[in-house]
Structures are given as C-alpha cells and as structure tokens.
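Only one chain comes next, encoded as structure tokens, the form predicted on its own.
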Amino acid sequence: MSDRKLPRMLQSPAVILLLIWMLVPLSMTLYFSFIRYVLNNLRRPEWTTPSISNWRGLGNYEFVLKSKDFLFAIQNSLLIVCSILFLTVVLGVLIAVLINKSFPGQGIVRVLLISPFFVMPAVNAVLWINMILDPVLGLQGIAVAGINETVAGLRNTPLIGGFFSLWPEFNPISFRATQTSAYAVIMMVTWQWTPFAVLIFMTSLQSEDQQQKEAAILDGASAWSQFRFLTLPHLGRPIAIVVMIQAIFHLSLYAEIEIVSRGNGNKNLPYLIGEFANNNIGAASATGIFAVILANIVAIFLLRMVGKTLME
C-alpha cells in the first residue's frame, strides 16, 4: 500500500460521516421545500403527509417570497449581524489595547471581561430585558425617573432654573414588541460577544513587535500614529477571523428575539423559519434554503476577506 493511500483510508470514515451529517438534513430540507407539507389542515388532510404526490414545485418559494415578513426578516438579519460585528470589533480592539498594559489587578479584570461570554443566550436575554432595559423596573426606567426628578428639582433653582424649565420630560424606551427590540438584541449580544473579540485581540497583541513601537516612539510618533500604523495592521488577521466566526453564529440568532419580542416587529430568518414550522413545513423548508443561500453569500464574502488578509 502506498504512502498516500493509507492516510486517505484512515480519513475516509470521518469524511463520509461528515458528508452524511451535512447532506442528509440538507437533502430532506430541499425535498420538503418542493412539496405541500402542511400540518393539521382539516380541508386537505392529505397535505400532512410528505409524499411526492403533493409535489408543488416552486410554489413554496413563491409563497415565502410573497410573505410580508420575508424581506423584513432579511433586512433585520443583516442589520443585527452587521451592527453586532461592528460594535464587537470596535469595542474589542479598544478594550484589548486598554488592558494590554500591566496594572494592579490585571488578572481579575481579564477574568471579569471574559465572563459574559459564558452566559447562556437565553439567560442573557432575560437579564437584559428585565433588569436593564425594562421601562419600569429595569435600570433604564430607574435612570430615566431619576433624571426627571433631578431636572424637576433644578427648575426651581435661581439662575439656572430657566434653563432646566426648557427641558422636556424624558420617557423610557419600551424594547418589547416594537422595532426597537432589534436594538435590544444588538445590545445584549454585543455585551455577550465582545469578550470573545477581546480575548482574540489580547492574545494577538502579546505577539506585537515591541521594537517597532520603540523605534516609532524615538522617531516622535504619537500614540494615535502607533495605533493606526502598527497596532491595527497587526490586528488585521484576528479581526477578519473574529468577523467570520461571529457572522456564522449571529446569522442563527433565535433565543434573544423570542424572549425580547416574540417576533413582534423584530424577526430574522431563523425566527421566520420557526413560525412557518408550526404548521407549514414546506414553507419553512423553502425559507431554510433561502437562509442557506444567504449564509453562503456571507461566508464567501468573509472567506475572501479572511483569505486576502491572511495572504498579506
């Protein structure tokens, strides 16, 4: 047996198992997307059977495309994913640079910064929507009420009372069952995933060439110039990897949207699939195929970006 055949034979069981693991669910989803597979239909009970006799062709895809929530779900998915990626990368870079220097309690600070990443998504959503963003009992409601009370007290103050009398009364924002719930999801997921970016960037900063920094300091380079021309290029590959990994995860967000708004005014493709799956399996499968296409488009774009970064 040649030296090339033995490694291939040893790898083949794992490769075959992986292909089966991926292709079987995808094939079933593709099959269901072309048939009428409607659950609990009293007028047409035969639709509840995933039979080839219920072939519908592209009817499920047409039904999904005409759905009032489909385009909104795509736009909302891209809004949530892009916003989270931007915020986590910016905050991750700034925090990583800030705590990269030695200071008392550095180890404790790093542990506290990383800890939000280990909170379960459902627990994270419940904590944020009830304890922080609730307009009555949350920190937001308490803060707004405190500001209004302070402004009301200052209105009777001499000299500056006239200025504060022009201030309107602030109202807390309700992040449930409105379009603003998407911003709540962005905030809570950003809080949870920023530590992941910080961990990656902090690890990368440990290998930054300090001799270049020392030479830049001797040449009179400012802190901003050092950050722009030395630190950011050094973090190019880690940033690309963080963006790719997070995009894969954030395209499948579901628990946060379910807990925050139950999908009212805030849906993405996974949530739309869940709604269709309650009754119309064919439409849910067609939406799943659209989600796969969108994920592949994003993945190809990100892989090209990562590949270009790694080649530089």
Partner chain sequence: MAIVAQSSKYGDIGRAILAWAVGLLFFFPIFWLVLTSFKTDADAVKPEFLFFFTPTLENYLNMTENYDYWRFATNSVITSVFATVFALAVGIPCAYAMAFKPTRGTKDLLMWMLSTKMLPAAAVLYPMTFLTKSLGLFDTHFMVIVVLMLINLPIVIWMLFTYFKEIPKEIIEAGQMDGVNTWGEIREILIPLAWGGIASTALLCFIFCWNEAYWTVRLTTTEAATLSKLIEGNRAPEGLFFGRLSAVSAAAVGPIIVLGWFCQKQLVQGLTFGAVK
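Numbering follows the first chain given and starts at 1. These numbers were taken from a predicted model, which means no experiment stands behind them.
If you look for the form predicted together with the partner chain, you will not find it shown, but the lines that follow are about it.
- Remark: residue 258 counts among the residues lining the partner chain in the predicted bound form, judged by a heavy atom distance of 4.5 Å or less.
- Interface membership of residue 203, defined by any non-hydrogen atom within 4.5 Å of the partner chain in the predicted bound form, is confirmed.
- When the partner chain is considered in the predicted bound form, residue 110 lines it closely, a heavy atom lying within 4.5 Å.
- Using a 4.5 angstroms limit between non-hydrogen atoms, residue 155 is distant from the partner chain in the predicted bound form.
- With the partner omitted here, the stretch from 68 to 76, 155 to 163, 126 to 134, 178 to 186 that lies within 4.5 Å of the partner chain by heavy atoms in the predicted bound form is 126 to 134.
- 97 is the sole member of 173, 230, 97, 151 with a non-hydrogen atom lying within 4.5 angstroms of the partner chain in the predicted bound form.
- Along 186 to 204, these residues reach a heavy atom to within 4.5 Å of the partner chain in the predicted bound form: 191, 194, 195, 196, 199, 200, 203, 204.
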